[in-house]
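A lone chain, given as structure tokens: the form predicted alone.
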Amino acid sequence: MIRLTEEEQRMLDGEEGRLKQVAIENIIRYGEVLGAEELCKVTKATVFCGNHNYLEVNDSPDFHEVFTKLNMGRDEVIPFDRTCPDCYIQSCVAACDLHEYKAFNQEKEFFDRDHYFIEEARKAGVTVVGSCSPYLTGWIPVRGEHYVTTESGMTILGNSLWGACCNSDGIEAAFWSAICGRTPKWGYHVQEERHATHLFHVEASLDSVIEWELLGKVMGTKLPGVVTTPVIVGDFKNVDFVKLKSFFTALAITSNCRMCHIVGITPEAPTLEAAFAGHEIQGEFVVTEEDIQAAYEPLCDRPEGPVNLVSLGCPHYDIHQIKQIADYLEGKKVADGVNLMIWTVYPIKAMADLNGYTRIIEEAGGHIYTSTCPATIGDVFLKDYPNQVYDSLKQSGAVRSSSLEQNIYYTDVCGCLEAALSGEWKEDLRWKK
């Protein structure tokens, strides 16, 4: 039995409306399955809004019917008209851009339905951001703050870099929490459960974003299939936020890891001893230069030939990353037949416009987009591009897992841009340690 506060009991009794009542009913059931004894307040949330493909199982034209059945688990129609006012809620990427649809080979009907779904969420209190990188718009949980998210990379990043508290809860549970402002107090919401379990000695030099991403994959393949909390030690020179956000995202998608201590960086790991907090090491590994290179090899196809799509930005790019692209492309031209796409969030796009980066990129033949990404849009867009190049392990891996038979290339940013400029994939564009 989960202990409830007076406020939580009022929600459960329906005194704050049917929507919040159902949300906390679901959270309580969820907590009971997990073995939680109480709930904790959630002050930040990201939720998966929009006309996503999985929602097609319910073809009702009424958003609220679709939302109630698929996200709340009820046959009755309960209007999604209010979220928790004490919770800062942002929307994640959607299956459609808010401004364009023809560029992605999507139907106007799909585009309009997406607008309708997102607008209903906005009226309920969700801030429309459309990004897998909520921190780009100030959504930054501090140490000890409890949050929920549908972004795997954001789960591990917030736990590991800022000392905030989050579990991997899923789409539906994130909506429940956003509505009632509560989540089960278990897992990484409990301080005693946040200690490290496995130790990685990183002997490889990590000088670039792609090396940090590959470290995430190496660790993911070495860790057992259960939930673990690794800690890494090594000589981490020139580490920055872009490298870490890419590392955490790669680790999250290749393992069940939702927190990773980095000695000297993670707030709860000023030392190795503090990271383990008196607990025994359950497994110990060494990561070498050879491990990093070996992790890369199966991620990039071999055939040389023409390139059709070059996609940059997963997680979404910050303004400095876009500036670097503009600096690289200034005075150059993307090859005919190549679609160069850079993905970011609305305010970063506005900053790129203001600083002239958008103009430079567009004059070179590239485009900056927001709200979504190739993998989220899906096969309706990807099917027209037999040879695709990505600078993201997550994005390239997600596209590779589709049913389409295509060449998927993964390399560093410079290799991606050279492929876009030449219109060709060459062996020397493959990344090498």
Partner chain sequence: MEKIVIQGRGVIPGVVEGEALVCPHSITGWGGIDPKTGVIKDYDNPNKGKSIKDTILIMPGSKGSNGWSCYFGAARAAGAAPKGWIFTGIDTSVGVASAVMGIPTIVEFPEGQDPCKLIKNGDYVRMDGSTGIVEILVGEE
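Residue numbers count along the first chain shown, from 1. Since we're looking at a predicted model, the values are computed, not measured.
Keep in mind that the form predicted in complex with its partner chain is missing from the display, and what follows is about it.
Of the heavy atoms in residue 383, none are within 4.5 Å of its partner chain in the predicted bound form.
Under a 4.5 angstroms non-hydrogen atom cutoff, its partner chain in the predicted bound form has residue 170 among its neighbouring residues. Under a 4.5 angstroms non-hydrogen atom cutoff, its partner chain in the predicted bound form has residue 73 among its neighbouring residues. Its partner chain is not drawn, but in the predicted bound form it has no heavy atom within 4.5 Å of residue 160.
For the three marked residues, 208, 390 and 395, no heavy atom of any sits within 4.5 Å of its partner chain in the predicted bound form. Partner contact region in the predicted bound form: 160-168, out of 160-168, 351-359, 269-277, 322-330, criterion any non-hydrogen atom within 4.5 Å of its partner chain. Residues of 124-146 are not found to place any heavy atom within 4.5 Å of its partner chain in the predicted bound form.
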